[in-house]
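The data below hold one chain only, encoded as structure tokens and taken in the form predicted on its own.
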């Protein structure tokens, strides 16, 4: 058997065993040993079962080997049976058997049983300690792992490199990356020299933490101790430099590798693809093939991800076809990369189309896919489609995933249903910082400032520390609700109580908050004293506030800066033209219009849409292309006539044209949100809210009309404009007229 196994492999050895007319204990034990050696785990367990039926004596070493097989196969039931056999035949005092029992139970996730075996041992060796430390560390019970480590140190047995590596691997697996670097330093203090496995954990932590200087120190250590010949260490170094945007260094390290495996090639290809050097990445794939290494699914997925992320959707789809041509099958990662890239580039419809195509090809979505598609639904405000994806995630048991749950909350918020978002939020068993941030931002979008502040305090009360994103959300909530004092309080708390340094987005929120509240002089003073250089968001906030309060002086300062910072943004010119029109300064109006024309800019067309059943109805300014256009205008005239009796007076200041008031009233009737609301009323079924999506800021006249219609027709109207949501009911709006 040994002769055939060494020369021709395990199958020939097993044939010899099967042909033997009479088998003794030694032969059975040898057969089990050889099958375990060749990782024929199932066959090894079958042989053990046959041995017991044949009343053969099982050696202690054989028991150790079949328990290893139970660990590899995660065969807990068989492992427990063998443990019973150990107890029945009095082998529980064997240290090697107990050690492998600890490992077997740990690999099957039974830490209590692993701990029970360890505690029952009268004699323990270093392997015993390493096994239990590894068990606790691997499953995230890091405190228990450290407790056993300290007990080991106080015993006569001293930790070795394996002990330290168990701690390193456990902390790496559980995302405690800073602790990994601390452990690496501790090892050297105790005189233990990190080996290739230790270094690989350290490099992974450096990658996750983005600590390139630490990575370079580890690289120097690798060179000094001749560890760079290890292919896994070399690959990790390539991966580190590639992911920290040091592609030249990554390429140099890669070129110096004595042995290049597919992981090293994939790390470099992924680095070039991620940074948009797509031609270089393609060239590397060709070189890889020339070197005799066939691209695997990871290689192709890196290319799909790169092309999709950088907006080359057709090329990404072509890579999916290349995967099929190479004999491989595109997997969920391939399709998710394509879907995610489309979503990141605002191609939400394409994202949803590829999601459907993916399912048609029999690929089941994972949590990342679902989160990405929900983002696309939110981007398009497709509430019905979002609900369908929510149902799919419930059906597949994905709502327990915190990323999916947060994406569902975000989708409902962006699709005009904050109540649904809040219901989902409350059902999450243990909300994370991300889900709190998402819900606070949702309240901010609807102008529910008090609710946002209440949720902020609830988050802090359960021990979750707010971050920079939290403060952007809470300041936005204060801004959208006109809560000036509360906004100042949170802005001051950032650095004072939570050690969060204000960024440009926080200053922008404060400028918007103060400006919209009418404190323009204070706003200007605030901008002057900012420690950061004002960007387009700061000047844009000042310009919007100046337009609201018709302050031409500050508006002109803001506009001058915006023309330089955003020369291609027509919205800045339009805002100034509107302000001049409101002030009857038509010469200045014409001057800005000439500047805009000379810059080759055009005013973007305003549009609104509403969804009836599964059909989206689109309304564009200045166009009467809807098939029911005549009926819509007739119904709108009736509505305007009725709400005038309730006190509605057209706000002709919202028309920025040099025409008389009668003509301005006619222009107001053509505003796209009015047409969309009217059509929604005409086709409304039951008590369902009317939902309208608009690409630009709603004017005050349309806002007033919507409030009157909600009161007249006793309906809910939800309008998403270019800035935020307006939830109108019974003549009131969630924004409380602060927008």
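Each form is matched to the other, and the largest set of C-alpha atoms that superpose within 1.5 Å is called the rigid core. Positions refer to the first chain, counted from 1. None of these values were measured; they are calculated from a predicted model.
Here the subject shifts to the form predicted in complex with the DNA, a form of this protein not shown in this document.
Spot the stretch among 199-207, 480-488, 218-226, 408-416 with residues whose non-hydrogen atoms come within 4.5 Å of the DNA in the predicted bound form.
Among the candidates, contact is made by 199-207.
Of the residues 270, 420, 176, 399, which one places a heavy atom within 4.5 Å of the DNA in the predicted bound form?
Exactly one listed residue reaches within 4.5 Å, namely 270.
Just give me the single entry in 472, 435, 340, 611 that has a non-hydrogen atom within 4.5 angstroms of the DNA in the predicted bound form.
Filtering the options by heavy-atom distance leaves 340.
Any chance 572, 589 and 737 all have a heavy atom within 4.5 Å of the DNA in the predicted bound form?
Per the other structure, none of 572, 589 and 737 touch the DNA.
Taking heavy atoms and a 4.5 Å cut-off, does residue 64 contact the DNA in the predicted bound form?
Looking in the predicted bound form, residue contacts with the DNA include residue 64, since a heavy atom lies within 4.5 Å.
Does at least one non-hydrogen atom of residue 96 fall within 4.5 angstroms of the DNA in the predicted bound form?
Yes.
Does the 4.5 Å heavy atom contact test between residue 366 and the DNA in the predicted bound form come out positive?
Close contact exists here: in the predicted bound form, residue 366 approaches the DNA to within 4.5 Å, heavy atoms only.
Taking the DNA as it sits in the predicted bound form, is residue 332 in contact with it (heavy atom to heavy atom, 4.5 Å or less)?
Residue 332: contacts the DNA in the predicted bound form.
Going by heavy atoms, what in 261-276 lies within 4.5 angstroms of the DNA in the predicted bound form?
Read in sequence order, the residues that approach the DNA (within 4.5 Å, in the predicted bound form) are 261, 263, 266, 267, 270, 274.
Taking the rigid core as the frame, does residue 108 move its C-alpha by 2 Å or more between the shown form and the other one?
Yes.
Using the rigid core as the reference frame, would you say residue 381 shifts its C-alpha by 2 Å or more between the shown form and the other one?
No, because once the rigid core is superposed, the C-alpha of residue 381 moves less than 2 Å between the shown form and the other one.
Establish whether a shift of 2 Å or more occurs at the C-alpha of residue 93 between the shown form and the other one, with the two forms superposed on the rigid core.
Superposed on the core, residue 93 moves its C-alpha 2 Å or more between the shown form and the other one.
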